[in-house]
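Just one chain is shown here, as structure tokens, and it is the form predicted on its own.
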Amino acid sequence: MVCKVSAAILAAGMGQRMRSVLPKVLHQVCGRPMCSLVREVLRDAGIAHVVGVVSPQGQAVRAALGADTDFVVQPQPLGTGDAVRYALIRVVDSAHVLVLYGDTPLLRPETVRSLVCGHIAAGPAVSMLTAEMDDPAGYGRVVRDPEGRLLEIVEQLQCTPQQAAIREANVGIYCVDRSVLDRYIPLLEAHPPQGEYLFTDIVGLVLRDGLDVRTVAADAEEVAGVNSRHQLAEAEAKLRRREVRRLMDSGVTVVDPATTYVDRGVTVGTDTVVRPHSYLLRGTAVGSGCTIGPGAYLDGATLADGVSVIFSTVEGSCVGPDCTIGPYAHLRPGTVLETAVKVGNFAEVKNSRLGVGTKVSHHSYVGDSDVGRDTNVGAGAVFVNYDGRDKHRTTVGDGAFIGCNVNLVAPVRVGDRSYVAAGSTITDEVPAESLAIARQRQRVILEWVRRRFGPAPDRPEEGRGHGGGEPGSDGF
């Protein structure tokens, strides 16, 4: 199949129907642009040569389809037939061409393989997918004779009331012999009022000449296109259910699939438990035996085995085995946690490496730092990494103790097994096994408040009437 078939993804449309400045095919489903998902399906189906038909402003679409895609520009949006005409410029050696749209994110590789292999085996001029839909509005209707033979495809705007009631729809995915395209593409006529050339007309021309058109029934949900924000949300929900089911089938416990959001391509190891209201976004990989959530937000995170993330955010970070994160912690990009690290309540770590067994437990900020093993960072400690212009790094050795409300002003180094007393602001190196205290000695001035403000005002005696009134009064 690889050497005989090319595919053309029609992706030159803009975002008018989505009411968006973003081209429709770039709207995301499960963390991926729709056209990227279609391109992945073709890779998985074994079709090596793929042509992307893009607009002159289609640089972002090119990036989404990938470097292994051949591209051609459709200068003006003159319809699907015109787009296929440009695609043929790039199709040289293939005997068959698969034509599909970039807005079908639920399409499966096995459906593509079945359509293409069946076309090659049966030998019709055209093979096309159709689907029975509860609401086929917007799709061309498949009109058949009483014996079920295909008569024509009628577009929505040209349907009679009887034809509009037909539930079998043309979903716009075809496999066509290259020779048929060469013969019939030049015969397409422009449709008013925009002067568009519709690829669907190929079917009518082929049938008129007595050639065979093969229809293949497909699942309506799988082949549905996305033309509105409502349909985009529906596609997101359907693909998300598919991804969650994939995880559960592989040995992952998902406590509440309805509130678990999993992007395409996320991997999770066996016996991990994903609790409600958790997000596992693109680029995330989770090991085995982890506890994710409730309320976990993982974006491009790599988690080893045995990690716990509760009500916390992990972005672009690598977390080693048996680490505990949360509740309400935030790991920002560039963070690396080694084994058995704890990052606790309202702590934030950014672009830092924390060694084995280190703890950052409460309300602390560790930024641009290298922290050794078995170090304790106390509540309210701040690694002061920014001087208003540049970022600087802090280094803390093994077994150190950073007390509560300490400021480590970078660049600075704290040696192994050193102690930094609570409330200190450290600007110079602390040698190994030393105690650093950087705070003013406590001073108490007796009766300063009385001398400054006078004696305390009298207060009502306790036990008197409610509100301080006389005994027996109502206190007002």
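Remember, predicted model here, so these are calculated numbers, not experimental data. The first residue of the shown sequence is 1; numbering continues from there.
This next part talks about the form predicted in complex with a small molecule, which is not shown.
The listed set Thr130, Thr335, Asn385, Thr80 contains one residue whose heavy atoms approach the small molecule in the predicted bound form to within 4.5 Å, identified as Thr80. Taking Pro294, Gly380, Gly172, Gly204 one by one, only a single residue has any non-hydrogen atom within 4.5 Å of the small molecule in the predicted bound form, and it is Gly172. With the small molecule left out of view, the stretch that reaches within 4.5 Å of it through heavy atoms in the predicted bound form is, among 335-343, 238-246, 225-233, 117-125, 225-233. A residue is said to contact a partner when one of its heavy atoms sits within 4.5 Å of a partner heavy atom; Gly355 fails this definition for the small molecule in the predicted bound form, lying far away.
A residue is said to contact a partner when one of its heavy atoms sits within 4.5 Å of a partner heavy atom; Phe199 meets this definition for the small molecule in the predicted bound form. In the predicted bound form, no heavy atom of Asp322 sits within 4.5 Å of the small molecule. A residue is said to contact a partner when one of its heavy atoms sits within 4.5 Å of a partner heavy atom; Glu155 meets this definition for the small molecule in the predicted bound form.
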